[in-house]
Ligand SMILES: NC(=O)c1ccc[n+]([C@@H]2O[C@H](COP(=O)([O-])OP(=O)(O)OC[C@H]3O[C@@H](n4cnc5c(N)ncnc54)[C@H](OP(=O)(O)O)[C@@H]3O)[C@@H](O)[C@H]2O)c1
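Just the one chain here, the form predicted alone, laid out as structure tokens.
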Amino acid sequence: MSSQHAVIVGGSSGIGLATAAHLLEKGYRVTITGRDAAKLRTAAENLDGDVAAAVMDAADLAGLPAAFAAIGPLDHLVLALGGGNGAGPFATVDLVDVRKGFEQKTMAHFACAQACLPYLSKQGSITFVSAVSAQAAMPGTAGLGAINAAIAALAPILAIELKPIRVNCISPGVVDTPWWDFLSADQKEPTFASFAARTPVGRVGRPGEIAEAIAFLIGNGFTSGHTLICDGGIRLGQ
């Protein structure tokens, strides 16, 4: 497995970083990317295994072909890009913010997947990271849901169009990652408690659990065109 090269866009924190650590444990060679060079360097220094770091702004569409050319051949692409723009009640949500969410997450996923193709093994895979807002009817998430549903829609289309490359999507629920750092500690605790109370498993998720699900999609050669919902069942209570 050590010959398999996985590139994780958005790999310097949260789900992307947890996925890097998990794949390294499984013997993959891993390249993590991110916009912040210092943060990326720190992340790479704290990982064990054959890891490299490449500065990449996934929202810089014009620069992506050169960024992937610099990385070179890869077997698996994981698009673990976060995005919080577009939240709010439908009647009043800022449309400029919704558009920004599409540009920073949906378009970045789309463009990265396109730019990697000249270097991606035909026996390889692409894994998109969407979010459960695409499947759950949660008030206040119309923008987020549309942004993430657009990403999930790519998996079955590209599984056919890019075959035999496998294309899948992971749809996480509420996971304790730095994505939530816009909340103070005093705000985060009751917020997570509220989500946990509405989740059948009784808690929020851990980044490593999403990483395990991503590793399954990468490693299972008979899975393509699938969106794997890993949300603790929170969508069931909506």
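The structure displayed is predicted, hence computed values, not measured ones. Numbering starts at 1 and runs along the sequence shown.
From this point on, the text means the form predicted together with the named molecule, which you will not see here.
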{"query": "Distance check, residue 177 to the named molecule in the predicted bound form, heavy atom within 4.5 Å", "finding": "yes"}
{"query": "Non-hydrogen atom contact residue 211 with the named molecule in the predicted bound form at 4.5 angstroms", "finding": "no"}
{"query": "Interface membership of residue 36, the named molecule in the predicted bound form, 4.5 Å heavy atom rule", "finding": "yes"}
{"query": "is_contact(residue 131, the named molecule) in the predicted bound form, heavy atom dist at most 4.5 Å", "finding": "yes"}
{"query": "Output flag, 124, 127 and 217 jointly within 4.5 Å of the named molecule in the predicted bound form, heavy atom basis", "finding": "no"}
{"query": "Answer range among 23 to 31, 44 to 52, 166 to 174, 65 to 73 for contact with the named molecule, defined in the predicted bound form as heavy atoms within 4.5 Å", "finding": "166 to 174"}
{"query": "Contact residue in the predicted bound form, from 145, 88, 82, 156 (heavy atom within 4.5 Å of the named molecule)", "finding": "82"}
{"query": "Any residue of 196 to 232 that, in the predicted bound form, places a heavy atom within 4.5 Å of the named molecule", "finding": "none"}
